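Given next, in structure tokens, is a single chain: the form predicted alone.
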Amino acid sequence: MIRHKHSQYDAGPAAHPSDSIVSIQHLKKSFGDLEVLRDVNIEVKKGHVTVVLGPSGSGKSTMLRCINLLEEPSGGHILVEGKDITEPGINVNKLREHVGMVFQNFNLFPHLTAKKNVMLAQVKVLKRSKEEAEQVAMEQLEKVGLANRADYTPAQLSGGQQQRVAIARALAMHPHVMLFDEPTSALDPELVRDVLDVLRKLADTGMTMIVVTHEMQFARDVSNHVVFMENGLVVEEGTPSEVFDHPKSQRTKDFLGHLD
């Protein structure tokens, strides 16, 4: 059981020899009798894009939510920048400053403008002044192509624009790792490209990203590392070429075969 106290989460130099920024070791997660994650082991390297594929119900989203402790692991360990976040005493808010998350359904505050959505956590969590938060918000909205929509509320934006505001909001915290939970699955097909373009540009800047997605072309083009999960386990992992062109597991072959 994790007890969250107010000790410091230190995002300093990694305390382990590898260049992993996130190390998932024997991760388990159960909801009552339902075992969602059974024994997950994944290494995420700094500056890499790790794409997680798999059928619905394979545990992909639950694993992501464990990385920033939206879900409490039932067993195993998760190291973020060398710190074991499953240890008692972890400061969850401090952790989340460094681990940004973008959800399937945007999760924007409907009564706030795009700019104010991006400013809010900066002021509340990072204690930035409103002036600094506004400057950072405009910089990030510019990055996702929405500076001209800064004063629009979510209802005045398309789904793709709302998702790009959500990405800007996460980036405004200057995270060290970004988690994306099926960021395009709630969008109309013609809006998907704009969001994927933002993710491609982020990858080009060297942002460490873990992306749960069904966008196979994006996975093939942008990722450094592909993980295929099913039934709460990692079935196969490797480079895009290894997983897409030379899958070893019959289950991976079947999954990818259905997508053609």
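Note that the structure is a prediction, hence the values are computed from the model and not measured. Counting begins at 1, following the sequence as shown.
Omitted from view is the form predicted in complex with a small molecule, to which the following refers.
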Q) Out of 191, 36, 234, 203, which one falls within 4.5 Å of the small molecule in the predicted bound form, going by heavy atoms? A) 36
Q. Looking at 213, 68, 61, 224, which has any heavy atom no more than 4.5 Å from the small molecule in the predicted bound form?
A. 61
Q. Does residue 55 reach the small molecule in the predicted bound form, with heavy atoms at most 4.5 Å apart?
A. yes
Q) Of 43-51, 215-223, 28-36, 192-200, which is the one stretch near the small molecule in the predicted bound form, taking non-hydrogen atoms within 4.5 angstroms as near? A) 28-36
